[in-house]
Structure formats: structure tokens, C-alpha cells
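Single chain ahead, by itself, as C-alpha cells, in the form predicted alone.
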């Protein structure tokens, strides 16, 4: 039961803002390619974390602007306290315009490689199917949420709404301390947990790296009765 519910507040006040937003978007999605995603039942915040399907994902993009072209996405499922690599996916997204030279040096996806990708709507459709009924896990989740929302509106005219877990937010919230300016970067945090170095800026590798970091954080937290609400990121 939510805090508002436990206090006996009226229904309209007890209903979380997120639920009202969800209902609004469900109505907007009717008849669109996102109807299936929004048809999935939503888990309550008091759902035991072990019962939650979690998808770690990472986008590679042509810059960090909200409307930057998406070049690649990788995702992997966390299930029963482990990472199900059998379902891991990396999809390259078709882009025809010339890419930003500065971004290419980071993600190393060239113009010719981007031109061979699949249509963005096709990749998003596959991703939304994977996300059906799941919670999204990402490092610095606000950026991935922004990319996903913009892409869904671009292709389907419907915003993306979902629950997110952010490993960066969990680290700040659960284990606060004074850090270097780049101390919360994915690679830096992984090193602190003794996790191996992976080459960054590959969609699937970064998704797996984030999933491993999340499992390491849960082990350090050592709280077996965690619920979904304990790990959700305020967006």
C-alpha cells in the first residue's frame, strides 16, 4: 500500500501522478504501434524486486541533443538475480544524414555503418516488445528516457512512459560520498566494485555493463526484501 493509501487519503489523492500520466498515454496510444506496449499491466511499487522483469538498455547517438539521431541500441534482460545473455540484442539504426565527427570518434559508428542499419520504427517496435511489462535499467537513465521518448514521438506520435531504475542515482542515493567530477561514470563505478573493464560506447556492452553494476550494487546493499519502489528513479 502506498503512503497516501495507508493514511486513508481519498482515491483521487492517493492515486500517484505516474498512474494518471499512464492512463493518459494509454488513451493516446490506441490504434498506434505502441498500443501493445501500453496494454501491459503495471507493477505496483511494493512488488518484490525478484518478481520484476528488468531490461538494461543503452543507446548510442549522434550527440546528446534531445533530438539527436539514434544509431544503435543494446538491451539485455535481468531475471532471477542474473543476466539472461541468451536474449541480449544489439540493433543498428538506419541513418542517412552525415554524422557529427566528434560523436563518431566516441561511438566509432561510421556513416556507412549507420546507413546499413534497420529502420528506426522497426528497431523501436522490437525494443517495445521486449519492454512490455518490464522496468528499464540504465546508467544516467534520464538520457536514455529522453532518447526513447523522442524517438517514439518521432515514429509513432506517442510519448514513451515507463518506470526506470538508474544505477547512477542508486549509487548517489545508497552510497553517498565525496567523489571526483567523473566518479559516477559507468566505468569508474564498475572499477570501484572490482568489475572488469569493457570498451565503452557500444550499445550492448554498455547495457551488460550497467546490468552487472546493478547486481553489484544490490549485493553491496544486502537488503533481500527490496521492492520495486525501493529502486525506482524519480524522473
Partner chain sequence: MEVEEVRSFLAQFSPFGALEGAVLSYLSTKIHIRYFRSGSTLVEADAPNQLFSIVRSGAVELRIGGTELNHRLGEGQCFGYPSLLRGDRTRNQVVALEDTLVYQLDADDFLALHNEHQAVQDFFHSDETQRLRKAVEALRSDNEGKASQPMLGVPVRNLLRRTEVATGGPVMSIADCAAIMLEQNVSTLPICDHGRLVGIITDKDLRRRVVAKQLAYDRPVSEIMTLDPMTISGAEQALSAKLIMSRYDIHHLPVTNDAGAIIGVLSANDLLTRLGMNALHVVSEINAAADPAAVAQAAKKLTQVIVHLVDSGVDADHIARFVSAIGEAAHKRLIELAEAALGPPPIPYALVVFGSLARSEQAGGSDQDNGFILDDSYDEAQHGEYFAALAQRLCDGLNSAGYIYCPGDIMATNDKWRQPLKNWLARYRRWIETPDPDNVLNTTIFFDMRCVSGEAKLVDTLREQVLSWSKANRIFVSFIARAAATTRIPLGFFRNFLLEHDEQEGNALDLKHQAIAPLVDIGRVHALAAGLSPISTINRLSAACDADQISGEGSADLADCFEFVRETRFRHQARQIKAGKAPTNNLNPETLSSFEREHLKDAFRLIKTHLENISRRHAGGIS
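Source: prediction; values computed, not measured. Residue numbers count along the first chain shown, from 1.
The same protein also has a form predicted in complex with its partner chain, omitted here; what follows describes it.
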Selected contact from 41, 194, 176, 31, since only one has a non-hydrogen atom within 4.5 angstroms of its partner chain in the predicted bound form: 194
With its partner chain left out of view, choose which of 158, 83, 95, 123 has a non-hydrogen atom within 4.5 angstroms of it in the predicted bound form. 83
With the partner left out here, check for me: in the predicted bound form, does some heavy atom of residue 89 sit within 4.5 Å of its partner chain? yes
Is residue 205 part of the interface with its partner chain in the predicted bound form - any heavy atom within 4.5 Å? yes
Whether residue 26 contacts its partner chain in the predicted bound form should be assessed with a 4.5 Å heavy atom distance threshold; does it? no
Is residue 219 close enough to touch its partner chain in the predicted bound form, meaning at least one heavy atom pair within 4.5 Å? yes
Determine which one of 195-203, 54-62, 163-171, 178-186 lies within 4.5 Å of its partner chain in the predicted bound form, judging by heavy atom distances; exactly one does. 195-203
